[in-house]
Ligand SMILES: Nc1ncnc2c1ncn2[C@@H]1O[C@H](COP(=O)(O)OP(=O)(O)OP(=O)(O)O)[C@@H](O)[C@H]1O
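In the form predicted alone, a lone chain appears below as structure tokens.
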């Protein structure tokens, strides 16, 4: 297992999570479509990539696609078609549709908003299956539905596409139409086609914030947790053995305790910091030095995505309130009650309606818990991760 600190891991670099894989496989066998939720850096993408490997080994078709770089409905459609094409499904039909999409991209100015978001004249009256973007895609999915081999479609970073789409002309309507179209497609093609949605921004949080929950109410929610202490110890053991730097039980326990929330990514970056230090023997001092190294000003940027995501995910008012909440909590390692957080927010919003701020805080606390920033314990809210709290404190307070 290599010491990988950035990208998702596959093959021998993946740390097996048999219970989580079994849960996913059980839901798929029951013909469910899944919304996989988890805070950032828990390992959703790596887990689903492993699931796709297993599906292919069993003779089934699995297509994984990251749609983060898609900015409109046509780009999403192109990504779907490319993914299906790479899996060898219906090559003639997909090639024809791909050609039509390329022509449509060149004639982008001729598009108009339609039933599936972007409605394009790609065919003739004699070719009703290809008269719009939506119908062209539906024709492929009907072929999949009538075939023998089941197909799994794993869509990563769907909220990123929806956020980009929402910032465009008629964005709110287009987001709603695309989500409704996808739901209708899942309802129509429900025998051979299975879907999994995942992402660094929760699709559940996205739709709840826009009163669109009904567009995903057919998805079965599965939540992926961080590693247990036992799993984290096994993870560190394997990481050490694979990289020639073994970690004794005492040091593994110290790392897990100091991390506070054993995300695979955080364990990887701590181990990387130990290796970077040149330590040949890992003792308590080496572990503490690794944490100190991670939190030096020049290394804090690796946590910046946690802060940037708030501006991407929320409107300005909610983003500011979320950052103010986290700024307050990073100064209180033992956490604060809801009333204490509310008082802190009101101290900088003295002209605001207290009821409106309280309602905003209730929504944000739920989303910040879902996305892995906070946990609630005994009616007190605190940072989940020591590293993230220290980052926030050094970024915002010191």
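Positions refer to the first chain, counted from 1. Fair warning: this is a prediction, and the values are worked out from it, not measured in the lab.
From this point on, the text means the form predicted together with the ligand, which you will not see here.
(message) Among the candidate stretches 241-249, 319-327, 265-273, 165-173, which one is within 4.5 Å of the ligand in the predicted bound form when only heavy atoms are counted?
(response) Careful reading of the contacts points to 265-273.
(request) Classify residue 200 as contacting or not contacting the ligand in the predicted bound form by the rule of any non-hydrogen atom within 4.5 angstroms, answering yes or no. (result) Result yes; residue 200 sits at the interface with the ligand in the predicted bound form.
(request) With heavy atoms only and a cut-off of 4.5 Å, decide whether residue 303 touches the ligand in the predicted bound form. (result) No, no contact at 4.5 Å.
(request) Although the ligand is absent from this view, report whether residue 33 comes within 4.5 Å of it in the predicted bound form, heavy atoms only. (result) Flag for residue 33 set to no.
(message) So in the predicted bound form, is the ligand close enough to residue 78 to count as touching (4.5 Å, heavy atoms)?
(response) It does not: once the ligand is placed as it appears in the predicted bound form, residue 78 has no heavy atom within 4.5 Å of it.
(request) Answer yes or no: in the predicted bound form, does the ligand come within 4.5 Å of a heavy atom in every one of 21, 25 and 231? (result) Checked in the predicted bound form: no contact with the ligand for any of the three.
(message) Considering non-hydrogen atoms and a 4.5 Å limit, which listed residue (349, 40, 370, 56) is close to the ligand in the predicted bound form?
(response) Flagged contact: 40.
(request) Note that the ligand is not shown here; using its position in the predicted bound form, name the residues of 2-31 with a heavy atom within 4.5 Å of it, in sequence order. (result) Heavy-atom contacts to the ligand in the predicted bound form: 4, 5, 6, 7, 8, 9, 13, 14, 15, 17.
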